[in-house]
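For reference, the chain that follows is the form predicted on its own, supplied as structure tokens.
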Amino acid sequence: MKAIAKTQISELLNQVAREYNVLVPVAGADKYAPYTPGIELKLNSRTLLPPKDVFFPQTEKMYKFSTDGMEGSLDSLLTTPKPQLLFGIRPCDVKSIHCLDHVFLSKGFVDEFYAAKRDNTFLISIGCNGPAESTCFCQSMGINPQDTDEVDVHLFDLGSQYGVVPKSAKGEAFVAKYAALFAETTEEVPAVAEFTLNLELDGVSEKLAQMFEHPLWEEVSRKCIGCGACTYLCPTCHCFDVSARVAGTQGFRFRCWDSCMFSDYTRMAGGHNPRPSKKERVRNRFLHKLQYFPERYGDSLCTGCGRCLSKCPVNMDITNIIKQVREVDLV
């Protein structure tokens, strides 16, 4: 296996930045941001903010329009982005990108704005040798915390160096191009440390299909304050709204992140709301994660990254809800 010394990562990024817009996990901001020489990288664990805005920005202009009497024009604002390289994503976040691919690229519809960025992005991931935080539970969601195949190059943490394994044809070319920075290593990948947070998911999706009217939802929703932090920190939540800004005869349409936890999300023009209370909104969030998405795409919409566990102000805990669902007696 090839390897690169951790002290050489900056040199690798400096060279790569001549060809790509490089996005890295930044320690201070705790998110992915453009690389600049000397920036402090966060390479010991996942970032607080997920990388989904690399492909699905929080706010994105889509079309511009203008009117002139009875005439008008509508023009797409889609552009071809410069090739970008996303460095240091963890396997849980790699899985989240795969989930977003389901939403924006499959079932007969391709979101051209998402696709333009996704097709132009080179992915380099870093494996975790165990849970980075007490809230991590990716292993329970069927994710290998140490390895992933859905990237171009994967790095194994070997202590003072990273093992380098290409995972695609583009990855093979990348390793060959920067071969001067890589050397052979006899280091072995360490065993994965034990996770303290473990779940059993077998049968949960099928059981939830029978629990739409169960009193559990009233119980678990009581403490929710509807702040939406869980959805904005979640790497897979993808609800959005489309709005317009108009000035005189010109304007543009844009989309921005929304949240199913907000009461306005499902409120209709006449005032009716099919999810009128916290119970319906909380129920929808967890059914979407654990039942609807698996039924439609064959994957869980939760990657076990633990962000919502660590930052929910009232400790709404998806792992506890899963455990409660398993304990429900439907007989």
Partner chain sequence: MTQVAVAENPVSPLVPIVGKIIKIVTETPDVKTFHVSTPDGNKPFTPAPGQLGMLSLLNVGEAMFSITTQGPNHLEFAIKKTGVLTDALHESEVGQTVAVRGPYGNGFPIEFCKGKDLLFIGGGIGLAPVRSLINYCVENRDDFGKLQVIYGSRSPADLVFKDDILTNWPQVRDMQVDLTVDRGDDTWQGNVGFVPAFIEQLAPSPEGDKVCILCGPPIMIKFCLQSLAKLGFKNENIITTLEMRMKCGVGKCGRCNIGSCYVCLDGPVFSLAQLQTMPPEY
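Only a predicted model underlies this, so the values are computations on that prediction, with no experimental measurement involved. Residue numbers count along the first chain shown, from 1. Here the rigid core means the biggest group of C-alpha atoms that line up within 1.5 Å when the two forms are laid on top of each other.
The next section is about a form of this same protein that is not shown, the form predicted together with its partner chain.
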My question is simply whether Val103 lines the interface with its partner chain in the model of the complex - judged by any non-hydrogen atom within 4.5 Å. yes
Taking 4.5 angstroms as the cut-off for heavy atoms, does Arg253 touch its partner chain in the model of the complex? yes
Proximity of Gly72 to its partner chain in the model of the complex, heavy atoms at 4.5 Å: yes
Taking the shortest heavy atom distance, is Arg118 within 4.5 Å of its partner chain in the model of the complex? no
TL;DR on 181-189, 144-152, 110-118, 168-176: the one with heavy atoms within 4.5 Å of its partner chain in the model of the complex is 110-118
Identify, from the list Ala33, Ile39, Leu43, Met62, the residue with a heavy atom within 4.5 Å of its partner chain in the model of the complex. Met62
Can you list, in sequence order, the residues from 227-252 that come within 4.5 Å of its partner chain in the model of the complex, counting heavy atoms only? His238, Cys239, Phe240, Asp241, Val242, Val246
Classify Glu71 as shifted (yes) or not shifted (no) between the shown form and the other one, where shifted means its C-alpha moves by 2 Å or more with the rigid core superposed. yes
